[in-house]
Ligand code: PXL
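Given next, in structure tokens, is a single chain: the form predicted on its own.
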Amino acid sequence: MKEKRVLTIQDVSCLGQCSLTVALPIISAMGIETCIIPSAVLSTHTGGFSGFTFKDLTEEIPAISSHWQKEKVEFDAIYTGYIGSKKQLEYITDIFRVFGKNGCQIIIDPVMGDKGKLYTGFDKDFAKEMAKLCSHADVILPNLTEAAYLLDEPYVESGYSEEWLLGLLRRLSKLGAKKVVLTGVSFDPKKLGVAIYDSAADKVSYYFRDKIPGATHGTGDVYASSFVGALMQGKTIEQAAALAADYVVKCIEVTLPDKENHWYGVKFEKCIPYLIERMQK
């Protein structure tokens, strides 16, 4: 039986438990060969650290792609996370064109912001280009902030109805993705979860867990990576979305007792046995 192979494209934060530092071990632990294209190398992530180093690897992207074309490399999925520039988006679009064939699934986590604001270095023009990238996707995984910027609409934090959310999901799917997994959804202050939308059936389903107060770095990357791994192992999109949510909650719960010292990420490594056990059920 042919083993599954995933390509993930995002930055390397050498310390900080996010991006490729999370994606590579999680997807690999789920039994999937994981290939990488690092878009940049940072000494730490940018959330709370100061004085970090940054090495841009933009021009390595087409060089790696060119070599792989000569080697006739193929992928079962391409998963993108944090992308730092419009130029990188251009190169990644070309990678989709070259390698996104023969059933290869394209999964985009359009990492741009949270809590109604874009991350440092991004603007509305970048969001427009990210929306174009999403037109190539089979699945996109935005949070509510990213959804608003992808659609150039006002950010709505809370108080929305299921009808309003369905409209938002329909508009997101019109960017081109067949399926949308919208994270950070809540109709109850005590619950937080995801909305899973299938455009072909025009159907939405939900999965919620009890809300854990506070914010934790890297949980979006943990979620997206475990979602991709589950999907590649044959889980349905609903099953993958739920499993990823459960894994993130487990990681947060394990980290909370040491949150004062371990503020920069979640201890996802401690929970990999739980993830493997869940995959086997």
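This one's a predicted model, so the numbers in the text were calculated from it and none came from an experiment. Residue positions are given as counts along the sequence shown, with the first one as 1.
What comes next is about the form predicted in complex with the named molecule, which does not appear here.
Look at 55 to 63, 215 to 223, 236 to 244, 29 to 37: in the predicted complex, residues with non-hydrogen atoms within 4.5 angstroms of the named molecule sit in 215 to 223. The closest heavy atom approach of V111 to the named molecule in the predicted complex falls within 4.5 Å. At a distance threshold of 4.5 angstroms between non-hydrogen atoms, F126 is out of contact with the named molecule in the predicted complex. Under a 4.5 angstroms non-hydrogen atom cutoff, the named molecule in the predicted complex lacks Y91 among its neighbouring residues. Contact annotation: C18 falls within 4.5 Å of the named molecule in the predicted complex, judged by heavy atom distances. Along 43 to 75, residues H45, T46, G47 each place a heavy atom within 4.5 Å of the named molecule in the predicted complex.
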